[in-house]
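Presented below, as structure tokens, is a lone chain in the form predicted on its own.
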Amino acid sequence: MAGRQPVLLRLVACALAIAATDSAAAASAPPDAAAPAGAWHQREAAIMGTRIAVELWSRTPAEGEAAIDAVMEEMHRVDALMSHYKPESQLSRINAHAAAGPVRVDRELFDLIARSLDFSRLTGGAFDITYASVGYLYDYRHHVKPDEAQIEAHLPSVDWRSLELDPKSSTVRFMKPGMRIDLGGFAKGYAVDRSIELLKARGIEHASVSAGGDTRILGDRFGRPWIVGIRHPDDPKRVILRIPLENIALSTSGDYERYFDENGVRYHHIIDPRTGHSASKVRSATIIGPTATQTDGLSKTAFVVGPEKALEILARIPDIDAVFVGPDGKVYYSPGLAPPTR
């Protein structure tokens, strides 16, 4: 992190200046003057249960539309492989059969599951894809939650150490009955990374690809950074910080994404694997780093361990920075993003 800190401090200074700029003046700023012949192209779609947004610069409309088509196709491909909603996906096949014996999967999926165990070790189990052993009992759309007896019955199956992976045969096996896995914690980030690599291979040099709260940025806006805002947990129109970024990934997780409130309690989709309940030690967590797979996986950690412990964990990882909003509204920054003191 130390190697990148001066750059981030420069970016934060720019962000504070941008935040102080009148919005009308910002809207009247000149277009990308240094841009070569060509144009920006944008498209949105609903894939992987979330909003997919692509913006890129291309020399011709045909080149731009073909590149966006490739991104959308890749999003559908990853979704078909890793969705736990689709009964024909390889992930669903794991959940249906891995308790009875090893299930062979494509190497791509195997490697991503293996990557999840790296996150589990790094975070002391705060990140655990077997949380789904309890998590599947929640239905946020229909305001359904498990009772304490159901949580107690299913919680023993939440144990990342009981995932048996055989790299030689590319198989996954559950060592406990009732286990399930869910890659929602970083599959979208992985899809974003895959999309950026596809754009690079096509010669695209300036782009932004988002899947829900996960974004990766390629290049800049011809001498100007991409401006990414972090929303307030209680107000989608209010921004707590604007960050100028280029060639980097950013993921934000919040308790306002998939949730319902009941009797003064918010039940949301980020589950504490130790308790089976919605984690509540932060309201929002934003991670900035080299890849969206990494930032997506790490963005859930603070919800389970709290902002101070999360910052300790992240300090051990190169080129990672973070912004957390606590339950009381207090904002926590990693050293590379801390606003300058006056």
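Not measured: the values here are computed from a predicted model. Position 1 is the first residue in the sequence shown; the rest follow in order.
One more form of this protein should be noted, the form predicted in complex with a small molecule, which is absent from this view; the next part is about it.
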Among Ile248, Ile270, Ile94, Met82, which has at least one heavy atom within 4.5 Å of the small molecule in the predicted bound form?
Ile270
Answer among 123-131, 168-176, 218-226, 95-103 for heavy atoms within 4.5 Å of the small molecule in the predicted bound form: the stretch 123-131
How about Ser299 - does it come within 4.5 Å of the small molecule in the predicted bound form, if we only consider non-hydrogen atoms?
yes
Residue contact check: His76 to the small molecule in the predicted bound form, 4.5 Å heavy atom
no
Heavy atoms within 4.5 Å of the small molecule in the predicted bound form: does Asp193 have any?
no
I'd like to know if Arg258 sits close to the small molecule in the predicted bound form, meaning any non-hydrogen atom pair within 4.5 angstroms.
yes
